[in-house]
Structure formats: structure tokens, C-alpha cells
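Coming up, as C-alpha cells: structure 1 and structure 2, two forms of one and the same protein chain.
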Structure 1
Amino acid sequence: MIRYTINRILWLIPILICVSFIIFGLLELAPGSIIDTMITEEMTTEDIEILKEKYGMDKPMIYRYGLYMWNLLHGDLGTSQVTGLPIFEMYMSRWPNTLMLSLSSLVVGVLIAIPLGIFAAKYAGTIWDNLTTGFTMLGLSMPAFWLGLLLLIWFAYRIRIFPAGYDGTWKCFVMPVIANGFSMSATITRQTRSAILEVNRKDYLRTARAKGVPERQVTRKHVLANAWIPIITQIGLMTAMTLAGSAVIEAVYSWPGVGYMLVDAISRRDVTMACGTVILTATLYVLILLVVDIIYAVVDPRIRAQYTSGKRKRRTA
């Protein structure tokens, strides 16, 4: 188990190197550079040359990339070319906002989705199930930003109960959480429902019922315990995705999070900032998936056995 964890963490390093190379390369390929966002009306070409030198733009990309990687391997994410502030601090100062938003959306989504999914599975085939399906379909097909805009108009303008921007109180959480959580809960509900239905068909349930095990125990010990895994996978994936920061929701609600930081870094061609943000996000992503895998192992002794016996069964989905 430990070996597996360490192996996964070690794989993180080449992945991060690849990711940073791709981002760095892509942004360099993009027309324009950070200098172009700083040029004012009165500058002449000489001024621009001087600016280029100051930001190292006159040296070839490999040189700059090499410098960046050198710092990175020493654990230094560098400073933003725009503000001069260390990227790690800038990211961390905004990350709690994204974290709170993601976690709230996730909690609300899960709290709604799992009971709903169980309910739908229990009444599969009836009108309740179809209503739930309709609801989840809606959640899956509604563009999050559209919902966000509609909520903004409805709750901040028509009925003035929630603030339109970020003001630090609990009130400003409601609308973004709904916008974010709606599609999240839709996916998790579907996953829960199908996982439970899948388990319901298994033979061991029939056996348990035939044996006379009370229904509640059947549900608890057999259905839920086995349905857990795909549900957790889905939740893990969703967590990872939202922690990356939803740039679109943050744009609509002026949320000071990390999602919009990335969009900003790209428009300003702030290469170090973009790389740094992506690296931090990718690291979080991989770490969360690792945690999910570990939870699998803790929850399901079959999977634990696979790891500890040395035979590594790779997840194929």
C-alpha cells in the first residue's frame, strides 16, 4: 500500500514537468507577450526593446524555460511577471475562497444527490424515478454560467435577498453554490442511482433476502457498501474538477478565486503565473485522486488485498 502511494506520488513529477512544458510552450507560441499588455501610447520601438530586455523576452524560449525549470526543481514557483509577487503566495491567498466555494457546492450537492439517488433507485420505473431523471438531465444540460446569470437576475435584482457581488458574508455563497452544485448533484445522483441499480441485480442480494435478512440491513450492509465505489470515484472527480476553480462562475459572481486568476494570466501572457497555477492545480488533482484510491483501499478489503499482495490492478475507468 505504501509502495503504491509512493509510486503514484513519484509519477507526479514527470507529469508536472510535462504539464509545465506544455503550458509554457503553448503560451510562448501565442501571439503577443507580457510586454504587449504594458505598452502605452507614447512608447517607441526603442522603449519596447528595453522592456523586452527587462523581462527577458529577448532571449530564446529554451533559456527562459530552463531558468524556470531550474527554479521549479528547487521548489521555487517563481514570481508573477506582472506583480512581482511570489506566485505561491498569490495562489494561496485566493485559494481559500475557491476552496470554500467548492466544498460548499460539493457538500450541498452530495447531501442532495445521494438521498435522491437512493430514492430514485428504490422507486425505479415509477413517476418519481422519471421526475428525478428529468431533474438530473436538466442539471446536466444547463450551462452553469447561464444558470448563474439567471440566478443573479432573479435573486439579486428582482427579489433582493442576496448580494450581487462578493461581500464576505454567508449570503454571497448561496447563488454560486446553487449554480455550481446543481450540475454536480445531477451527476452524482445519476451515478448513485445506477450504482445502486447495478448492485440490486447482483445475486448475493437475492441470497440475502432469501435468507431472511431484514430489508434495512440488506440496504445498509450490502447495497450501499458495494455501491460506494463508483459513487466515491465520481465525487472524487468532481472535487478535483471544482477545486481547479470554476473560472466561469467566478467571472459571473466576481468571486476572488483561483479560476479567474488563470484566465487573467493567459490574457496577460504572464507565463510564470499560468504555469504556476496549472502546476498547483494539477498537483491538487492528482493528490485528490490518490486520496480517493486510498479511501477505496480502506473501505473495500478486496481492493486492499490487491495492493498489499503486490499485484497492482490498474484502474481501467
Structure 2
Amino acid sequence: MIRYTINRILWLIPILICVSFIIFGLLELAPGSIIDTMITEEMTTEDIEILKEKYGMDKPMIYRYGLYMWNLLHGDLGTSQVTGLPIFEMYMSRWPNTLMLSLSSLVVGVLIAIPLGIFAAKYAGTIWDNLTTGFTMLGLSMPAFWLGLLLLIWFAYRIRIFPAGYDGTWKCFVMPVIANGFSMSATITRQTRSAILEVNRKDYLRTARAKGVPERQVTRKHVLANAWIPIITQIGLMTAMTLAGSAVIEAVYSWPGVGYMLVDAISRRDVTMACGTVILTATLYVLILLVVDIIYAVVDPRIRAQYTSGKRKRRTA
């Protein structure tokens, strides 16, 4: 297990290189640059050239990328070209807001999805299953930003129950959590239903029911115990995506999180800020998926046995 964990962490190196090069190249291809936001009518050609030299815009892209990666190898993510503040400090100052929003959305989504998926699987083929399937299709097909805008129009501008943006009170959490949690619950509900229907076909469940084991106990101890792997996979993916920064939801509600910071950096052509945010986000994403894989071994004894048998074989050899 330790060897597997080390290998996964080492895979971070090529992932971060690819991700950083892609974001660097995309911002280079996008029209405009950081100095376009600083040029005024009073500036002369010499002043503009000084700005280009200051921000390295007089050098080719591959040179600036190589310089950035060289600094990154020394543990320096750089400073924002707009604010001049260290990128790591800015990221960590926004991270608690993203964490709070993501975990709240995840809790709401899971609390809705797991019981709803069990209910749909229990009444598979009935009208209740069809209604649940319709709910999941609605959640999967409805963009999160569209639902967020609908909630914003109705509950912030018409009814005026909740604030339109972040104000530090509990009310500002409600609409972003609902918009984010709704799409999450639809995905997890669909996966829960499929996983439970697959397990329900197993012979040991028919045997347990034939012995007179109560249905609630069958569901809790046999069905869910063997259906957790695909459900945990989906929950882990959704957690990684939301913790990495729900840029769309944060942009709609002006939420001071990591995703909104990335959108702002791209709009200002702050290449250093955008690359640093994406690199930290990609690292976080991979580490969360690694934690999900470790949870597999805790939940499923078969996976834990594979690691144990692998260790025994190496010791024997």
C-alpha cells in the first residue's frame, strides 16, 4: 500500500508539468496580456516597452514557461502580476471559503442521493423509480450556473429572501449550496441506484431473504456493504471536483473562493496567478483521488487482501 501511494504521488510530476504547460499556452494564445490592463493614453512607446520588459513579455513564451518551472522546482509559486502578493498565501486565504462551500454541498447532495438511490432501486420499474430517474436526468442535464442564476433571480431579486452574493452570513450559503448540491445529488443518486440493482442480483441476497432476514438489515449489512465501491468512487470524484474549485458557482455568486480567484486571474491575464492556482488545484485533485483509493482498501476486504498478498509474494521472493 505504501509503495502504491508513493507511485501515485510521483505521478504528480508529469501531471503538473502537462497541466501547467497547457494553461500557460492557452493564456498565451488568448488575446491580450497583463500589460494591456496597465496601458494608459499618457504612456509612450518607451513606457510600454519598459512594462513588457518588467513582466517578461519581450521574451518568448517557452522562455517564460521554463523560468516559471525553474522557480517552481525551488518551491516558489511566484507572486501575482496584478496584486504583487504571494500566490500560495492568496490561495490558502481563499481555500477555507471553497472548502466550506464544497463540503456543505457534498453533505446536502449525499443526504439526498443515498436514500433516494436506495428508494429507486427498491421500487425499480415502478412509477416511483421513473420519477426518481426523471429527477436525476433533470439534475444531470441542467447546468449548475443556470440553476444558480434562476435561484438568484427568484430568491435574491424578486422575493429577496437571500443575499445575491457573499456577505459572511449564513443566508449567503443557501443558494450556492443548493445549486451545487443539486447536480451532485443527481449524479450520486444515479450511481447508487445502478450499484444497488447490480448487487440485488447476487445469490447471497436471495439466500438472506429466504432465511427471513429483515429487509432493512439486508439493505444495510449486505446490499450497501457490497455496493459502496462505485458509490464511493462517484462521491470521491464529486468531492475532488468541488474542492478543486467550483468556478462556475463561485463566479455566479461572487463567492471569494479558489474558483472565483482563477476566473478573475484569467480575465486579467495574470498568467502567474492562473498557473499557480491550477497547479495547486491539480495537486489537490490527485491527492483526493488517492485518499479515495485508500478508502477502497478500508471498505472492501478484497482490495485490502490484494495489497497484503502482494507484500507476502515480495517477502517470499
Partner chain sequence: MKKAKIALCIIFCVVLVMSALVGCGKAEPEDTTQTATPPPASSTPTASPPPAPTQPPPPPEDVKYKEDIVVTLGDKVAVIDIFNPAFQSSQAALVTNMIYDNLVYCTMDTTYEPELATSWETDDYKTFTFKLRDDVKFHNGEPFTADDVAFTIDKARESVGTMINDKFSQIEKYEIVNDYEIILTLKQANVDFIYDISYPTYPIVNREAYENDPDKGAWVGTGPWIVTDFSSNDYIKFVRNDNYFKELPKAKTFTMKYVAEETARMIMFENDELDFTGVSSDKVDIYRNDDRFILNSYVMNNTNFVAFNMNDPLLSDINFRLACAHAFNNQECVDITLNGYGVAAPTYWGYRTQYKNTDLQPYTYDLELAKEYLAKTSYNGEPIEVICAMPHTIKNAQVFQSQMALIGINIEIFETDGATLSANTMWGNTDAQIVVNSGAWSGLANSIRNYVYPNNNANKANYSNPEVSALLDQASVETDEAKREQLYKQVQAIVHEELPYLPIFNMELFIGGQAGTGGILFFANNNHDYSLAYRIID
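What you are looking at is a predicted structure, and each value in this text was computed from that prediction instead of being measured. Counting starts at 1 and follows the sequence of structure 1. Here, rigid core means the biggest group of C-alpha atoms that superpose within 1.5 Å across both forms.
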query: Between structure 1 and structure 2, the form predicted in complex with its partner chain; finding: 1
query: Core fit, then V291 C-alpha moves 2 Å or more between structures 1 and 2; finding: no
query: Rigid-core-fitted C-alpha displacement of L29 between structures 1 and 2 (angstrom); finding: 3.3
